[in-house]
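Encoded as structure tokens, the following chain is the form predicted alone, with no partner shown.
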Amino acid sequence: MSAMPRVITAAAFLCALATGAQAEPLRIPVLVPITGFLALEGTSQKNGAELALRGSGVDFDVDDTATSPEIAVNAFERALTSGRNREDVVAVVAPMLGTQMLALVPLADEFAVPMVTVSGTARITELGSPNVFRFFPGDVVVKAAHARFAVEELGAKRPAVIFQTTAYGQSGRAELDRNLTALGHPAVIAEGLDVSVKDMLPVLSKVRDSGADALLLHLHSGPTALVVRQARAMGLNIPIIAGSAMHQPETAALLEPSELAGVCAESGASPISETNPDMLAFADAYRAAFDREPDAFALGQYDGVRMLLAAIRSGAKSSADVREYLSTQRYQGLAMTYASDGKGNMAHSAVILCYAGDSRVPAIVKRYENLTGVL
């Protein structure tokens, strides 16, 4: 059975549940960054959640959290105290920006409401909260794949690292440092970039002068594209292995196919690279709904919300019921099998994809399954 018929069946069930057993439909507020420097990634997150929720019988509203922790906190409080019955909120789709997630964890615990997110920042599941559920492989997973591919598959012996100075960037840098050191090839240079920086020549000159034989990036979408373009323009032709922002079709669209030659990226998935029927059905539905290509952030959030809907189908009627389901059950999503490691990390596999230089559609060249050993 394809993915889309399953969605329709679930929607019919949930509509019946909402009208027959609930005076008011259950609610899942969607709080995501759709403006600011994370707009591309946040819009993908929003779209994935919305595609899963459309026609489900579960009520939802989208609120833009931009890139400020304060805006995210205000949006969360509005969603939980906006004059409607708070008990109707069984979960929240929470923003992928790490600084916002860190600000929301105490609120989620105060209101005892589970949050599902695709944030990669490692620390959000290290705070001891029972209410954080991450459906994108965190930095502990994808940075292990990132470093292993560079060293084991590409033969890098003198890797350089450029990372964002955000919480997301610092988290990824720490995991890359740990993994590269364990592999016996620590970074010869590691440079941080503010998201506002547009001229990458100074940092790329440092990379060139260091004698690095591979460049590992852990940056947001816009800075990733700028580094790749300017590296190629200055003749820095060492392999580039980027973070998950590079896998996004919108990021690749900022570059010419020839500029992408020799560029690879880690990700949780690459929907546009897969050919199985369920993934093709998801991609077709996504294109029809949003007139854009799906990425791993959209797919991870789609899978996360679909697990929430599976909890409701199983009889969950409260946030406590949903939290129990997410904490104890396995769920076969489109991207992978999800199960909590006891901290709310649900995704345990990663892929490496590479561009050939003649297309903006990458090929998946390596899969790293169950890197945490949870499944």
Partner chain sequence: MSAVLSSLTRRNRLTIVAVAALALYALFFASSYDQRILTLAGIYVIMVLGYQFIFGHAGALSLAQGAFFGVGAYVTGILASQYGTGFLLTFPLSIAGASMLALIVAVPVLRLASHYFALATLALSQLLLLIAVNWVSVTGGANGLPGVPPITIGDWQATRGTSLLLFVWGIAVAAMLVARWQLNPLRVAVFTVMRDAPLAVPAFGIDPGLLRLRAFVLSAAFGGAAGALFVHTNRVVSPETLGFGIMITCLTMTVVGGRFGILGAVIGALLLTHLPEWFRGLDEYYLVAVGVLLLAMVVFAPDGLASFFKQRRIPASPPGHAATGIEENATSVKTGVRVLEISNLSKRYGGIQALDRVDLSINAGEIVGLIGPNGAGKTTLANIITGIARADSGSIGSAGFDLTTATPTAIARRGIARTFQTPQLPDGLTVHEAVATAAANIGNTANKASSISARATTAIATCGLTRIADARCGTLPHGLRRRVEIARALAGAPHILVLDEPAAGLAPPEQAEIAEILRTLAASGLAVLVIDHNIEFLRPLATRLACLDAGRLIADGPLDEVLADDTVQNAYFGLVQQ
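Positions refer to the first chain, counted from 1. Here the structure is a predicted model, which is why all the values come from computation and not from measurement.
Form predicted in complex with its partner chain: not shown, discussed below.
Name the residue from 236, 212, 281, 107 that puts a heavy atom within 4.5 Å of its partner chain in the model of the complex. So the residue touching its partner chain in the model of the complex, by this definition, is 107.
Which residue, 276, 181, 273, 74, has a heavy atom that falls within 4.5 Å of its partner chain in the model of the complex? Checked against the cut-off, the match is 74.
Among 152 to 160, 300 to 308, 74 to 82, 264 to 272, which stretch has residues with heavy atoms no more than 4.5 Å from its partner chain in the model of the complex? Flagged stretch: 74 to 82.
When its partner chain is placed as it is in the model of the complex, are 67, 70 and 166 each within 4.5 Å of it, taking any non-hydrogen atom of the residue? Answer is yes for this spot.
I'd like to know if residue 185 sits close to its partner chain in the model of the complex, meaning any non-hydrogen atom pair within 4.5 angstroms. No, residue 185 stays farther than 4.5 Å from its partner chain in the model of the complex.
Please determine whether residue 125 contacts its partner chain in the model of the complex, using a 4.5 Å cut-off between heavy atoms. Because no heavy atom of residue 125 falls inside 4.5 Å of its partner chain in the model of the complex, the answer is no.
Is there a heavy atom of residue 129 lying 4.5 Å or less from a heavy atom of its partner chain in the model of the complex? Heavy-atom contact with its partner chain at 4.5 Å: absent for residue 129.
Is the gap between residue 114 and its partner chain in the model of the complex 4.5 Å or less for some heavy atom pair? Output for residue 114 is no: heavy atoms all beyond 4.5 Å of its partner chain.
With its partner chain taken in the model of the complex, which residues across 87 to 104 come within 4.5 angstroms through any non-hydrogen atom? If the 4.5 Å heavy-atom criterion is applied to its partner chain in the model of the complex, 87 to 104 yields 98, 99, 102, 103.
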